[in-house]
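Take a look at this one chain, the form predicted alone, written out in C-alpha cells.
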Amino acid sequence: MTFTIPIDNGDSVKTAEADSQRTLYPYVTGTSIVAIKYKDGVLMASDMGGSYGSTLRYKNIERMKAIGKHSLLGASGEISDFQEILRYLDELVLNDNMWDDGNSLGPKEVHNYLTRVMYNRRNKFNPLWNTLVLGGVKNGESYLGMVSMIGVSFEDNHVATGFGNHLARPILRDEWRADLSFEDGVKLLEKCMRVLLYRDRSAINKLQIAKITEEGVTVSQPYSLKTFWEFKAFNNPTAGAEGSW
C-alpha cells in the first residue's frame, strides 16, 4: 500500500511515494498486570518497569489509569500503544460527557469498546501491541475483564497478563475468594507480584496497587516488597540440569 505526499518545490508540486508502516515489534514494554475482585470492588497491581528489549530502561512508568467515573485500566505490552489507547478513551469519555444526560459509561461498555478497537486494529494487520485489563464498579456491581492484542476478551473474578497468566493465576485459583477484604486482597496481590519478581526478568521491585470502588479510583504511591533470595534453588539454579552448559 502506498500514499502520496505533496511536495511544494517552488514552481510545481511533486508527489513522493512512501510505504505505509506497521508496528511489527514492540519496543518499550511493560510486563504483568494482576487484578482481582474483592468485596468492595476491584484491586489491580503492576510494577513500574519499562523494558527496551531485554534492558530495563525505564523504572517509573505508570501502567494503570482511571477511565471516566467507573473504570480502571491496566496494560501490559507496548507503552506507546497504551498511550494511544488512552487517547482514544479520553475522546470517548469526553464525547459521553458532552451529552450531559446524567448517565456515564460503565466498565462493561468500556470493555466492549476496547474489544472492538483491538479486533479492528488486528483486522488491519496493524495491532495495538497490548493486553488490557479493565476493572470497575457501577451500581454496586463489580466488573473485571481482559482483552488481548487480537481482540479476544473475557470476564473473570481474577485475571493476569504476561508471565502473570502462567505464574499468578494458579495462586489466585487456590487463594481467591469473593469475600476478600481490602487488606487480604492486597496481601494476595503482593504474593503474586513477589513470585513474578523472582521469576520474570522484566519485573522490577517497584510496584503500585490501585483500587476502584463506588467512591472512585485510588492508586497507591510506588513501593517495594520485602524479598528473600537465599533459597537453595536460587544459589545454583542449573544444578541437575542436563547438557554441557
Partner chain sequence: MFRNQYDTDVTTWSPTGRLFQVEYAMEAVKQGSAAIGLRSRSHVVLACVNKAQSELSSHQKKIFKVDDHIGVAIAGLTADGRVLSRYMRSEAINHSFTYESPLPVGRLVVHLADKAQVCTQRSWKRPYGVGLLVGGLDESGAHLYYNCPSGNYFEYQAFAIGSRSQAAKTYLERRFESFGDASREDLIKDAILAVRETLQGETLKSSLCTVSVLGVGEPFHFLDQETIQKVIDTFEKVAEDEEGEAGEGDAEAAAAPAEQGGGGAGDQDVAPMEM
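The structure presented is a predicted model; accordingly, all values stated were derived computationally and were not measured. Positions refer to the first chain, counted from 1.
Keep in mind that the form predicted in complex with its partner chain is not shown, yet the notes after this line are about it.
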- Task: Pick the stretch from 170-178, 95-103, 144-152, 157-165 whose residues have a heavy atom within 4.5 Å of its partner chain in the predicted bound form.
- Result: 95-103
- Item | Heavy atom of R116 within 4.5 Å of its partner chain in the predicted bound form | yes
- Message: My question is simply whether N123 lines the interface with its partner chain in the predicted bound form - judged by any non-hydrogen atom within 4.5 Å.
- Response: no
- Neighbours of its partner chain in the predicted bound form among 127-146 [non-hydrogen atom within 4.5 angstroms]: K138
